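This document opens with one chain alone, in structure tokens, the form predicted on its own.
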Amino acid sequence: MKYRLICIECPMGCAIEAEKEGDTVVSVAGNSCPRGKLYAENEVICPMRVVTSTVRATDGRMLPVKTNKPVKKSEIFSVMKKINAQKVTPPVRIGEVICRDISDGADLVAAGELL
């Protein structure tokens, strides 16, 4: 199976074509750097994304949050359900863990502050 991708690893935005047989990437073409090849391989085998959202504080304000590492794209809806169930009590500092191990070892952390 062939995949056409636009690489997002650097500003070049290379048009990459990757070919996969079963669970193995057999070829990658069009990348200008090694990061593009790795991006294409990962994207066709198991796409990952950092999830960003907001969590409501007990005083009604919203706190921006994000996962501290990418999670499987197929798990994003499950992660969002867990995020939507969270509440925080100020004060909260940037980087503070809001929920440990929200998905495959990724923590949900504050991306802003509520003082």
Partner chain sequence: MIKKNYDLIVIGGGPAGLAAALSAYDNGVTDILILEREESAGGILKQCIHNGFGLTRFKESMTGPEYAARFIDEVQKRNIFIATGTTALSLTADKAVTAISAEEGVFTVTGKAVVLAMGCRERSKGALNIPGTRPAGIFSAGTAQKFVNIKGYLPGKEVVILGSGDIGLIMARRMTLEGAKVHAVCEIMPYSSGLKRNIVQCLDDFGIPLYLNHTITKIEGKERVTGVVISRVDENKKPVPGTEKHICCDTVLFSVGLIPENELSKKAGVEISPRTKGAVVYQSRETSVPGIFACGNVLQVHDLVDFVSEESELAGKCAAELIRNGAREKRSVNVLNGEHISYVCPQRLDLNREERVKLFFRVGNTFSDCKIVVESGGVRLIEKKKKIAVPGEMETVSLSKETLARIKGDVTVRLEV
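Positions refer to the first chain, counted from 1. Because the structure is predicted, anything quoted here is derived from the model rather than measured. Throughout, rigid core stands for the largest set of C-alpha atoms superposing within 1.5 Å between the two forms.
Heads up, the form predicted in complex with its partner chain isn't pictured, but that's what we're talking about next.
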item	value
Its partner chain in the predicted complex reached by all of V25, V28 and A106, non-hydrogen atom within 4.5 Å	no
Contact residue in the predicted complex, from V50, I45, A85, C33 (heavy atom within 4.5 Å of its partner chain)	V50
Proximity of M62 to its partner chain in the predicted complex, heavy atoms at 4.5 Å	yes
Contact flag, M80 vs its partner chain in the predicted complex, heavy atom cut 4.5 Å	yes
I94 within 4.5 Å of its partner chain in the predicted complex, heavy atoms	yes
Interface membership of I76, its partner chain in the predicted complex, 4.5 Å heavy atom rule	yes
Residues of 1-19 having any heavy atom within 4.5 Å of its partner chain in the predicted complex, listed in sequence order	I6, C7, I8, E9, C10, P11, M12, G13
Did V97 shift 2 Å or more between this form and the one not shown, C-alpha, core superposed	no
Exceeds or equals 2 Å, Cα of I45 between this form and the one not shown, core fit	no
